[in-house]
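Given next, in structure tokens, is a single chain: the form predicted on its own.
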Amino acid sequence: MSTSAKTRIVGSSVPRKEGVDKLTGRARYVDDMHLEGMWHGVTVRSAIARGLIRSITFNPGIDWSEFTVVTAADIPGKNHIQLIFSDQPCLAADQVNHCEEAIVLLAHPNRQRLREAIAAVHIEYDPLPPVFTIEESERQDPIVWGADNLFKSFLLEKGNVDDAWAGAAHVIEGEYRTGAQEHLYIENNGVIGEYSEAEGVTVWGSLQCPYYVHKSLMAVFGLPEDKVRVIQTETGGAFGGKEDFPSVIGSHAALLARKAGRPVKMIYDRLEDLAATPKRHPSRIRHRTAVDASGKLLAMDIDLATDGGAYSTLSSTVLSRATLHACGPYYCPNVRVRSRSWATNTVPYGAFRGFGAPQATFAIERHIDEIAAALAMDPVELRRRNFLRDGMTTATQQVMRESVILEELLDRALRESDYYGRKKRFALENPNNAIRRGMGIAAFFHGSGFTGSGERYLNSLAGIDVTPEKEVRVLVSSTEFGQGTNTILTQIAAEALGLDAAHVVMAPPDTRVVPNSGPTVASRTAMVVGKLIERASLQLLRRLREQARLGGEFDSDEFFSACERLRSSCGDVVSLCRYEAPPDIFWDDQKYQGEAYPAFAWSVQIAQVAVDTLTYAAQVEEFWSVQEAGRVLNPVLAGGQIEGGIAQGIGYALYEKVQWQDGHMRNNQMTNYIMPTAEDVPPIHVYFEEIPFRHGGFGAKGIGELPHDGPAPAVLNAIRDATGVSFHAIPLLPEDMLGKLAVPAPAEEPATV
């Protein structure tokens, strides 16, 4: 199904705007930059998970006059990182709440001397009892945050859950757990800070959200907004990991620069980046579900808990999205979701692609298969009977006004994968082989944009201008870090203006140049910011026709001539638009009801998995993904987003395990934090259906996070299909399967996966 209108540029796979520079090595990342007189900075971190700081001493064998030393006492403004809440200190002053918490900053012109200096800083503590798990935090003994260890809680209710159990033919319960996951972007965190009394603070860095960093720097330095400047450099990956943390490292580099009187560069190595930066929230989700004799859902009672780490950071946002995705793409008349995010003494957890939806989707899609098994029903048929359809309501009582084509997506996924044919073949082959194969399915949705009233609160501003050099510049704070922002936004502007893509460029991602169009998160860029660029471009065309004699049909020379006429009469040629919420989007923050998202993207994924019953290793052999995400602006980039999200989701399911020891990450290097390599990623088949969303940039919805939501449950459902054994936690490693797969090996030599 495709309802795309004919366009010239949108919908075509134009080359990436930054692709040639990256390919030829001309792209300059932050560690490629060198400012005159620049020093290097490092961090001295806590060695314990929780305790009071008793003293900080400096070994007299070091000539400390050569170094710049910064502690919390040197902070001129507020000692906190300004996010949703302000509980995280920029530098620990009296107490530490996790291993790796920053206490002292050092700078020196010679990076090698800093290693010796870190070892020469001695910090003595009075240890306090730490908390490391959700269960320990729930007991509230000890209290490690606030009055009750609770960062945030939500209660989502629809209908009457308590009265639904009596009429149920079956009640099925299950508990599902997900672990932490490291972002593992190619480029580690890095920034350069500069300070002057006249100009204030400037930070260059590898980051996602320039205005988030800007906001924190204003607080830490006590400066007005015109004295703070943040510039995103070329950024080698992020996945949410550079949403909040650059506010920390950016503040640290700028504090060192202020005291040193010179620019300071801070670049983490891989060990430090793995150990000290946020990860995906671990979760524990309990489902209790009532169904009738035909498998129709009657009630869902869901208890959802996440581990937030030592400080609240973005835990409330992650918890909100997990809550709103907890029921999956299904209609249920009676719903209760109680969700809580708990404090522990580990590195604070943060946003990661999908932020909350992958955890919730894992639980509901594994649970749907468990319900099907309890009813002796085909899990495909169970899903089909309960899918949301046009006009139905979600758990927040949002009416499905936009077309829902889950059944069409399901049918195509089944057809493209030969789902039933393969299942039948594997059922015959498995009893005689050590390698057991199975097929698993996951159906899911992902809300595009900020939740509820979030986009209204952001009130984003974006637009375009035209330079005297005959370039159209896209003016946004949305950033490129590998996902294709630069390309799709310039495509949208070029399409709306009737120009070639070569005439449109991105303005530098610099807070002194671009307006605050909101953060590059939440699958909002193409839909929300793209729509602003489309509107601003059409607005400029109207002005050119009304004020500069631009004709109905024109070429690029006529367009830029009209821009010069407008410039001569009005000054700069600029067109800006502010966010306008769709007219039918209303959210009640108090009741936690209403239109949770302007639009949803939808997907069905199928995994073929092989399980070696001798080594207990599971491998994904082939993967199919069908999705509806509105208009596909650039097919090659869109397909890459799907493939990349699936690869990360496979890592989440089978490989990537963060191992903690007394609050330290003890596998903080790529030799023992195992991620899927090219050999581990199977052939991935990607298919799109398109229903343009009228409030998105040329019909686009969000696409970047959607593909990460489904792989983990699809893979574990396939493992259950292959072995007949259910597993309820990820990552699922061979040692986790050992003992549960007591399957005798065949007499012949076994095949290998």
Partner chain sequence: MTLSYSSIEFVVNRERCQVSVPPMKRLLDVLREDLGLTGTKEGCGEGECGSCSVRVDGELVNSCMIPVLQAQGAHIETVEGLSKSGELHPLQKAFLACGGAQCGICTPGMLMAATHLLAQNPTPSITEIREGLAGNLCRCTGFVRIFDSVIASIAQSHAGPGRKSHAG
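Numbering follows the first chain given and starts at 1. Computed from a predicted model, the values in this text were never measured in an experiment.
The protein also exists as the form predicted in complex with its partner chain; that form is not presented, and the subsequent description refers to it.
Judged by heavy atoms within 4.5 Å of its partner chain in the model of the complex, the contact stretch among the candidates 720-728, 23-31, 698-706, 54-62 is 23-31. By the 4.5 Å heavy atom rule, the three marked residues V636, Q669 and A678 all count as contacting its partner chain in the model of the complex.
In the model of the complex, its partner chain lies farther than 4.5 Å from every heavy atom of P129. When contacts are judged by a 4.5 Å heavy atom cut-off, K152 does not count as touching its partner chain in the model of the complex.
Put simply, A169 is far from its partner chain in the model of the complex: not one heavy atom of it is within 4.5 Å.
Residue contact with its partner chain in the model of the complex: V686 places a heavy atom within 4.5 Å of it. Residue in contact with its partner chain in the model of the complex (any heavy atom within 4.5 Å), chosen from T202, T485, Q641, S575: Q641. When its partner chain is considered in the model of the complex, only one residue from S556, T133, N79, N188 comes within 4.5 Å through any heavy atom, namely N188. For the stretch 225-246, the set of residues having any non-hydrogen atom within 4.5 angstroms of its partner chain in the model of the complex comprises T235, G236, G237, F239, in sequence order.
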